[in-house]
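To begin, one chain is listed below as structure tokens, in the form predicted alone.
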């Protein structure tokens, strides 16, 4: 799966523009593109960056083989000179990115590509496809994990995902977002993450009776004996039979580890509380009660408020498809062209009648500003790549739209961190992606830098994303130049 050739995973117009640059002898002009998004998904207060490792794999394999070349020739859209030139195509530029698992906000570059324009143009579609999907699922997962208030979330969505890739890489993103495990065995193999699961109703139904089915399962998996109790009658049959099996295991001297029941239907709050009382009365107070059944962050939050006795949650469809918000909305925009003679950047801006669609010009980076005493994020500052902000000097932040809204930070009260890190330099990868479980732990720490008000599920407090004074003035001047008579 991870060895496939993805060079033609692109929109046709990327290639038609490449041919245009080739024809006018402009293919080697160096440009900078930013990949960013405009609105947080799910009405959330932030997003989680994910997918960088797959972008790296894509860029490393970015070559046109003979099959690609002959296919493009057969379309009769491209001339022979352009098609033949693709045999020598390689990525030779630089890429900077915000590490996976980072909390990110609208309008700031998640990935920055500095390369000859033909190369940078081709990469647009694939970068957006990868980053948009995994960042969406990681963000959805973070919401669900937050709603669970420390309970484990298991990703169970493969059968409902939009195809094998969405299921496999979506599960990877879900692990980054905070899941404790996935049912997807291929994801477990590819990314060395925990795989978890129990059994289906068909297991119960394939035996003469429920108790026999439970006994056979417990015999095979004594150290992970989670029994599905709602096949026939949860409280009259399922839970009593599970208790009977747990008693037999104890009598046989089998240590009861990671054992319990799973609920997959009915009133989960009512059934879990009743089941908890039955298990406790029978002497199994540490038995796990897990639940599934079309869960999402809102239902989990509601069940927690109702006192549901559930401590482990299996979430499928609503997580892996991000059902309430099916797209991330990331875009990839040209921000600057480098003068070949001087080496100076000529900033470029896209205008729009929609304010949020006006882009930020130039070769930029993102400085994250933290409160020095709490470690919480004060704001993100988009600035030119060569700007510095020593924390020994005062710093004034202002809203890019309503500029009278200002925050002044005194020396010694804040710290800064540059979020974009180098990934490729002169076409060579210089970044080593962490393991998924390490990214997961980093993501957890990242979310702890947010104020609680920015993590709530409904109407979260916005984290400010400001522009440096120098960048704001550049943007203002470009706007004024365009509109001058």
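This structure is a prediction, so every number in the text was calculated from the model and none was measured. Residue numbers count along the first chain shown, from 1.
Only in words, not in the display: the form predicted together with a further copy of the same chain, which the text now covers.
With the partner omitted here, the residue from 368, 107, 262, 112 that has a non-hydrogen atom within 4.5 angstroms of a further copy of the same chain in the model of the complex is 262. Checking 180, 409, 72, 309 against a further copy of the same chain in the model of the complex, a heavy atom within 4.5 Å turns up for just one residue: 72.
At the 4.5 Å threshold, heavy atoms of residue 281 stay clear of a further copy of the same chain in the model of the complex, well away from it. With a 4.5 Å cutoff on heavy atoms, residue 46 does not count as touching a further copy of the same chain in the model of the complex; it lies far away.
Contact annotation: residue 86 falls outside 4.5 Å of a further copy of the same chain in the model of the complex, judged by heavy atom distances.
In the model of the complex, a further copy of the same chain sits within 4.5 Å of a heavy atom belonging to residue 200. In the model of the complex, every residue of the candidate spot (17, 124 and 133) has a heavy atom lying within 4.5 Å of a further copy of the same chain. Across the options 243 to 251, 316 to 324, 140 to 148, 376 to 384, residues that bring heavy atoms within 4.5 Å of a further copy of the same chain in the model of the complex belong to 316 to 324. Residues of 321 to 349 that come within 4.5 Å of a further copy of the same chain in the model of the complex, judged by any heavy atom, are 321, 323, 326, 327, 329, 330, 331, 333, 334, 348, 349 in sequence order.
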